[in-house]
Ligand SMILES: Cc1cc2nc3c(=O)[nH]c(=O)nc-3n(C[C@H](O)[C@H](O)[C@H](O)COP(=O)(O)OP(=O)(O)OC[C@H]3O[C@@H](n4cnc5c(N)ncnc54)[C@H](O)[C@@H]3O)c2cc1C
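The chain that follows stands alone, in the form predicted on its own, written as structure tokens.
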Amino acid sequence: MNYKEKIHFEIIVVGAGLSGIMLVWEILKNEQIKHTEILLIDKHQQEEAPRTWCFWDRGQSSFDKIITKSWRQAEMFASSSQIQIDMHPYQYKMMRSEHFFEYTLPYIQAQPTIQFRKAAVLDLLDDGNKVTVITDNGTYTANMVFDSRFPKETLENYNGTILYQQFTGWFVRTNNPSFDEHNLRLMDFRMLQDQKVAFCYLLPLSPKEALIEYTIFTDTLQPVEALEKGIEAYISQHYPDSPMHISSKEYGVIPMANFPAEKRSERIIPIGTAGGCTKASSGYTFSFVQQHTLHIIASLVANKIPEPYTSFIPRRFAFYDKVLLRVLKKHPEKGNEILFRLFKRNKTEAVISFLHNRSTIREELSIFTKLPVLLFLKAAITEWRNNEKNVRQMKQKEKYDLSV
């Protein structure tokens, strides 16, 4: 049966970005399900600008061959303070998105069980037995659909605390050795913290090459020029004797909020940011996409319908994220102190586990007692009251809907 004739697939994946491609890749690498017939629908993937993904990892993964660089040592700066961090048993890994797609796509495209369609998805309809996918270039059906689209209305209608993580990064080269390639600069807060959390991080690729990224957490989007000035000022202040040549740039915006990531129906499973894989308080995504992908693979092997990422993560972590976002939004000038203290006063392994939603309650209590307790307690009480209010409103709405 040729491509145009085939309209039903076991799985349809909407979106050929990180989460969609990683899912297809891992299905193909699993002996029990590698022959699954999959349709991959996407419209924009080839048009996306290259970006850098960074994440903590311990042990080996499917993508170690394409890791650009990894580090076990890190440093942080705040005002006149500095700390050195040994991240063992973790490594902080850096991957370029273009390397990821160059590594995965040729293999995926060569498989007879995988078909691609360039189209915009207009609607998904689940009748209880199959999902119908309506696009601007045909209609298809599948036993289940994995949807990586993040609906614009989710952002527009969100009424919780939200900050925007904006960043611009420069890949630079110097004529003389200027960087310690074994020691990454995780966060450097030595800059004005004016109505926003602001820091630079520096990923040294060699003594003469690095990625320097200027990042802000803000409730109001700033013009790109403001971020460019921030990175220029940082380089001028800390590397005045090292003229730098910019080889490439990247820019991005990550909404930081606890967006809902519920399944639209039993057979339509959100993945990626749409599935809750972007951590609200940090913007990190790659590790959580990996975690969710492994859950999906295990479910498919067991002939079960997978769940969104947020469904199997303890709810307390979403609450922690909401509290931290509330604190950072109301007191941005304290963000540098909070984040610096998080690493300075706690065991690094416990902090990284906490940031990955894997820590124990005992570890979390130890971490919380070393942060500004009163500040967080007030934010936690406010957030809890808001949650209770939202629950009451939802129950009233459900009661009204049933009565109608």
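When you see a residue number, it is the position in the sequence shown, counting from 1. Just so it is clear, the structure is predicted and the values come from calculations on it, not from any experiment.
Heads up, the form predicted together with the ligand isn't pictured, but that's what we're talking about next.
> Has each of 18, 119 and 285 got a heavy atom lying within 4.5 angstroms of the ligand in the predicted bound form?
Replying inline: Yes, each of 18, 119 and 285 comes within 4.5 Å of the ligand in the predicted bound form.
> Out of 262-270, 185-193, 231-239, 276-284, where are the residues with a heavy atom within 4.5 Å of the ligand in the predicted bound form?
Replying inline: Of the options given, it is 276-284.
> With the ligand left out of view, which of 29, 58, 358, 44 would have a heavy atom within 4.5 Å of it in the predicted bound form?
Replying inline: Result of the distance check: 44.
> Which of these residues, 148, 166, 293, 161, gets a heavy atom within 4.5 Å of the ligand in the predicted bound form?
Replying inline: None of the others qualify; the residue that does is 148.
>> Check residue 378 for me: does it contact the ligand in the predicted bound form (non-hydrogen atoms, 4.5 angstroms)?
In response: Flag for residue 378 set to no.
> Hey, in the predicted bound form, does residue 108 get a heavy atom within 4.5 angstroms of the ligand?
Replying inline: No, residue 108 stays farther than 4.5 Å from the ligand in the predicted bound form.
> Any of the heavy atoms of residue 348 lying within 4.5 Å of the ligand in the predicted bound form?
Replying inline: No, residue 348 is distant from the partner.
>> I'd like to check something about residue 343: if you look in the predicted bound form, is any of its heavy atoms closer than or equal to 4.5 Å to a heavy atom of the ligand?
In response: Answer no; every heavy atom of residue 343 is more than 4.5 Å from the ligand in the predicted bound form.
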